[in-house]
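The chain below stands alone and is given as structure tokens, in the form predicted alone.
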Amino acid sequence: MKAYLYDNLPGDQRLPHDSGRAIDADALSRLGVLYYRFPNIQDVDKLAADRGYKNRDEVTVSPEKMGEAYEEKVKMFFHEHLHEDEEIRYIKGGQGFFDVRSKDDEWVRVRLEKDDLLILPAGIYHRFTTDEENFVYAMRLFKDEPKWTPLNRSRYLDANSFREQYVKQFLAG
């Protein structure tokens, strides 16, 4: 895992966009973002049991797997959004970027690769993209039935109870 402030320069979203300003795991945790490195599935299973994740699936994001829909999907994943559930991703192959909003509403880019697991809290604004290799194979973990409902950022979404709880817990004060 490598985390840093996003440089906001124009160019393909799949490029590193590394500003050179590093962010450490402690700073991520203050945003509610938890990072783990698990070289074996038993560690993932233990975390899943400890946190009450009952379901999981696996997804491959690549042109080979998704065909013509790939570019459209990657653009959709890159729209700023939040979820009303935690988002948990364990990278089993390839690599990609999760961008999350800092306390100052700047983008923090988190580069994940094989054996990295990231937990995003409900209510955090974020987005995802593959890197230039256009391949990531990930396990998604869910507390209940698998679902992935993005709520795209808007001024109305700030009144969402999950967003309000996130702001109160991690951004206020």
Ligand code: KMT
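The numbering used is simple: start at 1 and walk along the sequence shown. Since we're looking at a predicted model, the values are computed, not measured.
A second form of this protein, the form predicted together with the named molecule, is not displayed here; the remarks below concern that form.
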Exercise. Among 134 to 142, 101 to 109, 32 to 40, 47 to 55, which stretch has residues with heavy atoms no more than 4.5 Å from the named molecule in the model of the complex?
Worked result: 134 to 142
Problem set entry | One residue of 28, 124, 118, 61 in contact with the named molecule, assessed in the model of the complex (non-hydrogen atom, 4.5 angstroms) | 61
Problem set entry | Heavy atom within 4.5 Å of the named molecule in the model of the complex - qualifying residues of 66 to 90 | 77, 87, 89
